[in-house]
Structure formats: structure tokens, C-alpha cells
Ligand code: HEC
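What follows is a single chain, given as C-alpha cells, in the form predicted alone.
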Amino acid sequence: MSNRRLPNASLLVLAIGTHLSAQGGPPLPPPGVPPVPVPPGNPITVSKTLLGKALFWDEQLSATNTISCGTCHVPGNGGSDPRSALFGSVHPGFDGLFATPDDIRGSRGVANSEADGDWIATQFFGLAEQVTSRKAPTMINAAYAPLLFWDGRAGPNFVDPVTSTVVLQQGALEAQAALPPVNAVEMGHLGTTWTELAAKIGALEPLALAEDVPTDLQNFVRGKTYAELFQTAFGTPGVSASRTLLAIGTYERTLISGQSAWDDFLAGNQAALTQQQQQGRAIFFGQGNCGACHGGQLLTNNTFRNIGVRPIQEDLGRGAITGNPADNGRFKVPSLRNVALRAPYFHNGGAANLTAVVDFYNRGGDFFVNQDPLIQPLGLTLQQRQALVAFLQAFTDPRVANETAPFDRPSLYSESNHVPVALGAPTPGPGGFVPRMWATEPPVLGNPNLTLAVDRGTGGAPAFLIVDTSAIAAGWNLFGAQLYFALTPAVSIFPMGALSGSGPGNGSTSRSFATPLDAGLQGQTLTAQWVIAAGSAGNLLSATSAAQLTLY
């Protein structure tokens, strides 16, 4: 737990692990935002908050043990996904083609997989992590929204995903949290159910893949199973879908941001804003008319608007939920709190930075069918646009930017040095297609499904997975293929039969292993490589690069 001093001693309750008031009630909100709405059926408690925090940050809830809720909702990125700005986090969009104007900067989820751990190639991504078709919105201050997701499909009621009974009538957070874990793009495998997921959770060691766990959370989970933590949080035994989601919703209701320079200014400190930000403020509430949708304490009115980011036929947004043509192309108005941390912007991640956002509004949007009449060209000068960008930066809460309580978090497996690393270079196959090795899952002792996969090989060609305890960094040549395992007595060769698919570049397969729960293997390094009996340019074989995995 961080021991940094908060700027206001009255907010101490938000800096400790309980995030509760001294009377044990709901968390005290920062002075810049209203009280947090708490559903009567899900009161906030210390243990339930901590359980929800553990679940939110636990990658073991995903089919591949590589994605948690928090992977796509990082406080330091304003509660959104920093990977959206990176190569590999692109969805091809409506036209199904990459590198075209309708590409979407989404979130990388999981490889397409079956319940037994086998991976299945998809049209757009092969065996790579699939990418969502919208950018992840922030979970910070989401407690105030009656409807969640860009299209508002979650809420206001929370319906138990197993029994289909209404659990809460003000449970948008719980309703939203129910969907990603069973979505085969975001976190789940094909056909994941909440009954299956609840059974899995009950047997897990909480946060077994995480490191740097905050002190309060570490003390809560140490030496316990999730089954024991659920009994602590709810008072009776039982891990269920409903309880899992009630705990996650409780944790999210403590993620309330309201300590920014803007809040300081509103409290009477005129020096909290720079002169340029003061100019931007006048534009924001004046000529820019931004306050029409982004006013009030929350800097959003939680309505749905079509601002003209993309043609409406590419994504109907709210219209796909309501069936009302007037809602086509409308998306939820996001809060501007911590907006400077959340690049890229809009539901499609189409604006790289705040300058691009302001330029977009200044020209009155880009597509005008069904566009909201509030969106009009602004005629701002360069200096005015720069001032407006500066003012938007005044909405940043330093606790969010610095990931201090209540926005502190564990570090994830995907951020660690346990992720397998590539060794060497691949050998192309027929048509010049380069087979690609996939080794992304945690090589942790006791993992029941550690999957190694290959795609972009030659469909129909025989493939072999070679695993050895030694490696040759420089590689050695076998029938034209450059190989990196050492052929020691410990080498294992797994014939995989013919790759699925047909023809050059279309072949793929995977193999799942259970890693023994044997402490004597900790620190053992393995080298794995796929070899395919289809070569090119006189070579008899092609091969992926190798992957090195260190068991831990």
C-alpha cells in the first residue's frame, strides 16, 4: 500500500485499502464529484471491495491466463487500454481490410480457442490475439453511468447470467462485467459459460500470476483460495457468477476520480489553472460549446450522440441496441475526467491525440448523416485550439496518473519477464510465407493448458513441434531450415500431423501441455520450435523462430 501523503487529509479513506468511511459505509467521494450511487442489494464492504479488486486484476479468469479486466482498463492510461496505440491492436473494421481508413484501434484479447486449449485460426488474426471492434472505455467513474459500453447495452438492471433473474435494479457495473469474461474475443474460449467460469475461480490461487500486489490486497488473499475469500466477503460459502460480478462492481464503485487541477480551481484556487488553461476554459464553455455534453461535475451528461466520427453503416452504435433508426451512429458521451491519459480517442480510437480531437470538433466532424446538430464548425484559431488542449489536461487526477490508491494495482503476467521470448529467425515456406510461432501463455508450474501454436504455415503439410532443454543461439541448418534446439537427450519431438487449412500461408495448429506442479522444475528453460515439411527455394523444410520459456 502506498504511503504517499494525499493533498487533503479528509480523503484518507480513499488512500487505504478499505476505501470505506470510518463508519463502514460507502466510500467518501472526492469533493469534485457527487456521492457514489450504491445499489441497495450490493452494499460496499471492505472484504467485498478487496475480493472484487483481486478478480478484476486476475488474468486467470481468461481462457489463456493472459487477460484480466484490468489489462484493458489501466489506471495510468486513464482507465483505458494503452495497447490501443500500439502495432497489433488494430481491427480491420467494416471493410475487413487492414490499413484502410475504417481501421479500429481496439484491445487485444485472446487467441480463438476451444475449451481444451486448442487454438483455431480466425480470418483476420490467424492465431494472434484477436482485437475488439471498439476501443475500451474507462472504468473510472463508471459507477455514475446508468448504462455502460459505448452503445449502452449493459444496465440499468443486473441480471444473473446463470439464472436469468434480476439481482439489482441499479447494477450497470455488474451487468457490464458479466460480458467480457465469456466473450471469445476478449477473455473467453468458444462457448465459455459462467457456470464453468465460477467453478474455475473457486479452485484458483488468487492473483497467482500477478506481482507487486498492493499490501492491503496481498494481506487479504495470502494463503487463501477464492472459495475462502468469497465466504469472507459474503458471509456464506459459494462461488457463483452473481457473487463474482457483485464483487467486481463493488470494487469499481471505489474507483472515483475528482482531485484534479480543475477541481482545485472550482474550490477557489485561481492559480490551479495556467493562463493558457484559463483561455481554454473560456472556449470550452463558450465558443466551443463543449459543456453542452461535457458539463457538470462528471464532465459528461451520459447521453448518446453521433458526432460524425465514421459513417453510421460501419457501426450502428446505440441504434443496434434500441432498433430506433434515430439512434444509428450514436455512442455514449464519455467523461472528460483524465482524458489526457486516454489516447487514442473516440469509440474507434481514430484520433491519436487531443490535438486531433480538437481539430475534429473544430471542423465540425467528418461524416454528417444523422449527425447531432450540436456539432458545428467552430472556427477556432491555432492558439485557441492549443488553449483548449491545455485545458483538457487540467482534468487529470494525479492519483490516476500515478496509480496510487484507490487506483493502485498489481503488475500483470503480461507485463512481466515471464512471458516467453523469441529466439532466432524463421525459415520461409512455399510462396515466401513465413510460419509464425505463438507462445504467449504463462509457463507457470501447474498450468493445465500451456499452448504452443503455429500459423502462416503451408496448409496440409506435416508439422512437428520440437522441445528441448537447451538452445543454440546461432542456430543450425537442417534441409534448409534454421533450427535453434540442441538435440540433447532431453529433446522431445511431437508429430502434429498435417496443418489445418490448404495451401501456402494458410496452415495452423496448436498443442497444449500440462506443466507439472514440481518445484524442482522452477527455473528450467525450454526451447520450442515448429518445423514444417514444406520448404521453398530448394529447402525441404520451413520453420518458425524458436521460443524460450522459463518455468516458474
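All figures in this text were calculated on a predicted structure; none of them were measured in a lab. Residue indices: 1-based, along the sequence shown.
Another form exists, predicted in complex with ligand HEC; not displayed. Remarks below refer to it.
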**Q.** in the model of the complex, Leu173 touching ligand HEC (heavy atom, 4.5 Å)
**A.** yes
(Q) Using a 4.5 angstroms cut-off on non-hydrogen atoms, would Arg363 count as touching ligand HEC in the model of the complex? (A) no
Q. Contact between Leu50 and ligand HEC in the model of the complex at 4.5 Å, heavy atoms?
A. no
Q.
Since only the chain is shown here, I'm wondering whether Ala387 would be in contact with ligand HEC in the model of the complex (any heavy atom pair within 4.5 Å).
A. no
Q. Ile375, Ala128, Ala184, Ile312: which sits within 4.5 Å of ligand HEC in the model of the complex by any heavy atom?
A. Ile375
**Q.** Position in contact with ligand HEC when the complex is considered in the model of the complex, options Arg399, Arg318, His73, His91, heavy atoms within 4.5 Å
**A.** His73
(Q) Just to confirm the contact call: exactly one of 411-419, 229-237, 333-341, 453-461 touches ligand HEC in the model of the complex at a 4.5 Å heavy atom cutoff, so which is it? (A) 333-341
Q: Quick one: name the residues from 223-259 with any non-hydrogen atom within 4.5 angstroms of ligand HEC in the model of the complex.
A: Ile248, Glu252
